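Shown next as structure tokens: one chain only, the form predicted alone.
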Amino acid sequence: MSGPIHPKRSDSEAGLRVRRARAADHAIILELTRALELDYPAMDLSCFWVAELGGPIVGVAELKDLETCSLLSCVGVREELQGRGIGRKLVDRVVQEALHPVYLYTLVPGFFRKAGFRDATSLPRDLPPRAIYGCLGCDPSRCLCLMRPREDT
């Protein structure tokens, strides 16, 4: 058998807290995005949010508010903690703060569809192209653009 089995706990029991990242968090954000292969050349550390589980940062998400849309990227949770609802809570909290409908490019649409995202039928003029992520070897047919409208619209 490999490693200890960790029972799933609810977010409240685990002490999950989502907040805007601070400059002191930048090294951990870089470490986590690299480990999860989410880092990209145009990443903006000032646009990150973090999820803390009883203190340590265990999840990250980047939210950029543009002129007519918001762009969500770099959503990830430490591998050993995935599947506990941390990513969902992080996404829900970050999307609440978006100024516009939220768009994202993803290879894992199932996760985001469960969080209320749907296929984008048209793209806002100021939404950056997929190329900003530097995914040169990526199969564009697997990378979908999804969107989630603001809840107050």
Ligand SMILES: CC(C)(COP(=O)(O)OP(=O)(O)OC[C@H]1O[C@@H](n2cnc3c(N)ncnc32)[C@H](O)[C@@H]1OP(=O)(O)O)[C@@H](O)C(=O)NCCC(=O)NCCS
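For clarity, every value in this text was computed on a predicted model and none was experimentally measured. When you see a residue number, it is the position in the sequence shown, counting from 1.
As for the form predicted in complex with the ligand, it is not shown, yet the points below apply to it.
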Would you classify residue 114 as touching the ligand in the predicted complex, given a 4.5 Å non-hydrogen atom cut-off?
yes
Contact of residue 108 with the ligand in the predicted complex (heavy atom, 4.5 Å)
yes
Is there a non-hydrogen atom of residue 86 within 4.5 angstroms of a non-hydrogen atom of the ligand in the predicted complex?
yes
Is residue 47 a contact residue for the ligand in the predicted complex, using a 4.5 Å heavy atom cut-off?
no
Within 4.5 Å, heavy atoms only, one stretch in 118 to 126, 34 to 42, 47 to 55, 92 to 100 touches the ligand in the predicted complex. Which?
34 to 42
